[in-house]
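For reference, the chain that follows is the form predicted alone, supplied as structure tokens.
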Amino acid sequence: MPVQYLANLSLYVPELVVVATMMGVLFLESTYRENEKNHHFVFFLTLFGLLVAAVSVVANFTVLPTEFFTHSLIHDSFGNLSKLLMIFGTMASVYLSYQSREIDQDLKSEFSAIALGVLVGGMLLSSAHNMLTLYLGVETLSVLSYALAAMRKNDEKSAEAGLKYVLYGGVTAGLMLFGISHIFGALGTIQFTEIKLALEKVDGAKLAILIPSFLLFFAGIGYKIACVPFHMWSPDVYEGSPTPVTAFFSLVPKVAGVAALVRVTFSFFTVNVLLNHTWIALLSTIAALTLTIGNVTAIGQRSVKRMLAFSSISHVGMIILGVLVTSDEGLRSVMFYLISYLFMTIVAFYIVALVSEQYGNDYFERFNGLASRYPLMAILLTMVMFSLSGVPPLSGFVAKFNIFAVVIEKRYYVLALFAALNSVVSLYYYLKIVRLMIFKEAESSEEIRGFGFVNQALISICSVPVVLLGIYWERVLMWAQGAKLFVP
């Protein structure tokens, strides 16, 4: 057994690298004197560790799918691609945190350490192959996120964000654990493979227990991806948290939650007809509500971060549409959507963070006249807003088109109509910020200090995939289709 565990460690190298980096950050931070402000070595160590972890994940793509650590975790290309997206999201957020003045100088190292811990939880969640490891992944992801949300201790909105995150997270975690306990009581196992075999021959009495149990179980995952009705924490947490934290929340926990939802759906709900119909009905209802509530509520927001929060809720609704198709094409469309969403979100939050720091808030009016002052930044933000709304030929259009294609092929015509109408609604609030940047006069002529040459160059580089993914989408789709889900 010890030899087997040592052999399994080779599949767990990316997580071990992230854990080692987190420990290194903590030890290195403790060596600084209290009056030392610039912790550059911590920043470089974090980025170097994440780069090594990314290389380790890429190396694991060549390893055949398998279960390890006594079947509690699973290794496959789908999980590896999810981990790679989370690592890139963490790298972008860490870099943004060191550029940001919203996070105090003496807290930047703490942000890096906690973000790495959240990443470990997300990576664990994307590879979970039994109920216990899935729950541990959710809790590791959540508990450390509470600290990130309340990072500005002297700011009332940040404290409120942390408190709301804790309250919602505690309730949904309890519901999830309650559902898992009933699933274990009905089936006698927490292993995904054994649950799948048991569901193939489950009788009517157990189904009466399992259906509400799986609904409770969904609460934990639904909370992480911020879908309706578990979305209420998202706008307040997005607005109250520092912008680098908001960008991090919109990327890493969402990718991890979607990965868990995909794995659970493909593992459990393709073997029993009644459970399949119940789960698809649940996801269909949640997707329609999430799309509608996210888009409609985003219209009246004054804060750009709150608008992006409700926008991200609507994007989750689109992703759920791809999940409920339960086919390789649906999985491919979901992965392409996540890849596109990663780059669009990084660019949007990067620009919003720099503007917000200059003026002290992120209201729409702060973007007035940006096109005349910083035309490149206005062009890139306009491009991202068009892409998020699904305007061709950008990556957001292709991502939504692929979701529509698999949904229509599955003959979910009503859901496709809901998604199409909501995409039209999203144009209103996305183009609102474009109108202000181009047609309104600037409130101030003062220089935005964050828009230096280096930052503008980095934002431009991050914007390139938004265009290229819309043009060379077929190659990326073929690559995403290689991210197969391993269901033993």
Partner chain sequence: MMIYYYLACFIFALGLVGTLIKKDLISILLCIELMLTSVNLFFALFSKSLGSADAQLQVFFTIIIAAAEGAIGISMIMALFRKIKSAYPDDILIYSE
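Positions refer to the first chain, counted from 1. Remember, it's a predicted structure, so these values are computed and weren't measured experimentally.
In what follows, reference is made to the form predicted in complex with its partner chain, a form of this protein that is not presented.
Chemist: Let me test this: is every residue among V171, I190 and G240 within 4.5 Å of its partner chain in the predicted bound form, going by heavy atom positions?
Modeler: Heavy-atom distance to its partner chain in the predicted bound form: all three under 4.5 Å.
Chemist: For the interface check, one of 411 to 419, 329 to 337, 162 to 170, 92 to 100 should have non-hydrogen atoms within 4.5 Å of its partner chain in the predicted bound form; which one?
Modeler: Careful reading of the contacts points to 162 to 170.
Chemist: Is there a heavy atom of V325 no more than 4.5 Å from a heavy atom of its partner chain in the predicted bound form?
Modeler: The answer is no: V325 has no heavy atom within 4.5 Å of its partner chain.
Chemist: Is F111 near its partner chain? Define near as a heavy atom within 4.5 Å, in the predicted bound form.
Modeler: Judged by the heavy-atom cut-off of 4.5 Å, F111 is well away from its partner chain in the predicted bound form.
Chemist: Does any part of P212 reach within 4.5 Å of its partner chain in the predicted bound form? Heavy atoms only, please.
Modeler: Result no; P212 lies far from its partner chain in the predicted bound form.
Chemist: So, in the predicted bound form, is F349 in contact with its partner chain at a 4.5 angstroms heavy atom limit?
Modeler: Contact check for F349: no, nothing within 4.5 Å of its partner chain in the predicted bound form.
Chemist: Tell me, which of A150, A219, V264, V355 has a heavy atom within 4.5 angstroms of its partner chain in the predicted bound form?
Modeler: Here the answer is residue option A150.
Chemist: Considering H75, K196, R366, R306, which brings a non-hydrogen atom within 4.5 Å of its partner chain in the predicted bound form?
Modeler: Partner contact (heavy atom, 4.5 Å) among the options: R306.
Chemist: May I ask you to list the residues of 167 to 182 that have any heavy atom within 4.5 angstroms of its partner chain in the predicted bound form, in sequence order?
Modeler: Residues within 4.5 Å: L167, G170, V171, A173, G174, L175, L177, F178, I180, S181, H182.
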